[in-house]
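Starting off, we have a lone chain in the form predicted alone, written out as structure tokens.
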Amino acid sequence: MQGSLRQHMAAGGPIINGWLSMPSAYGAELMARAGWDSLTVDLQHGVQDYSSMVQCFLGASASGTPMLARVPSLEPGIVGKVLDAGAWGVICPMVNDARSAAALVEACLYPPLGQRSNGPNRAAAFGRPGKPYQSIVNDEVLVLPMIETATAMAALDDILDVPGVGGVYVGPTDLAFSMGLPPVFDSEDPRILDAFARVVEATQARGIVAGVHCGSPDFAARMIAMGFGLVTVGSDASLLAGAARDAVARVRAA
């Protein structure tokens, strides 16, 4: 039985999150075996659609790894479908104000806290004895608006104060873009690091999680030390490409 991400978080320690951009059940299975604390299927920029996301969920299911999905946009239909398929968390891009954050919460949660439609096909199996899925999911699903623009940073406190928001997930390259900076991972620009520190401070003050996407393990470790509770390291595609380049370079050098 797959555990929820909130259950995993309750055990303490940071969440080291893997990123699935490739539409492969076998790839998801291999990533799950690698020991990630959670895995996220990327339907926004990854080469994924709903069907391939379900296959990734199935491929990773034997490990019990909590699964999340980054949806392509704030659209209640796809938000509900990724949850019905078994996502325990939803990462949503370009949430720039409290109104959008509230709409995301409504799409993720069942009444009376939200307006999610009932029909949790695959997710129904995640209930527990005497506790059907619908009775537990509002407490366990993690709602993560993305903070990836200067506009969202200006509205950060309002977004975090929306009931039901479980934290935020920083998209560093879009955030940099919106601030007139190069859109790169692991930026050392003081303006980016100051924004990160502000996100950490604001989430910790509310007892919710701050997440961030990193390009390297070393930078992810720094972000954990800064106070981020969820860090993503690259993606299946970037890890595969990096390992392949390294193998080729080492053979050529030898």
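Quick caveat, the model's predicted, so the values are computed rather than measured. One rule holds for the numbers: they count along the sequence shown, beginning at 1.
Omitted from view is the form predicted in complex with a further copy of the same chain, to which the following refers.
Self-check item: Close approach of residue 173 to a further copy of the same chain in the model of the complex, 4.5 Å, heavy atom
Solution: It does: once a further copy of the same chain is placed as it appears in the model of the complex, residue 173 has a heavy atom within 4.5 Å of it.
Practice problem: Verify the contact flag for residue 221: yes if a non-hydrogen atom of it lies within 4.5 Å of a non-hydrogen atom of a further copy of the same chain in the model of the complex, no if not. | Solution: Within the cut-off, so yes.
Practice problem: Determine whether any heavy atom of residue 187 comes within 4.5 Å of a heavy atom of a further copy of the same chain in the model of the complex, and answer yes or no. | Solution: So residue 187 does not count as contacting a further copy of the same chain.
Quiz item: Looking at the partner-bound form in the model of the complex, is residue 49 within 4.5 Å of a further copy of the same chain by any heavy atom?
Solution: Contact check for residue 49: yes, within 4.5 Å of a further copy of the same chain in the model of the complex.
Quiz prompt | Sequence-ordered list of residues in 7-46 near a further copy of the same chain in the model of the complex, where near means a heavy atom within 4.5 Å | solution = Residues within 4.5 Å: 16, 21, 22, 23, 24, 25, 26, 27, 29, 30, 31, 33, 34, 35, 36, 37, 43, 44, 45, 46.
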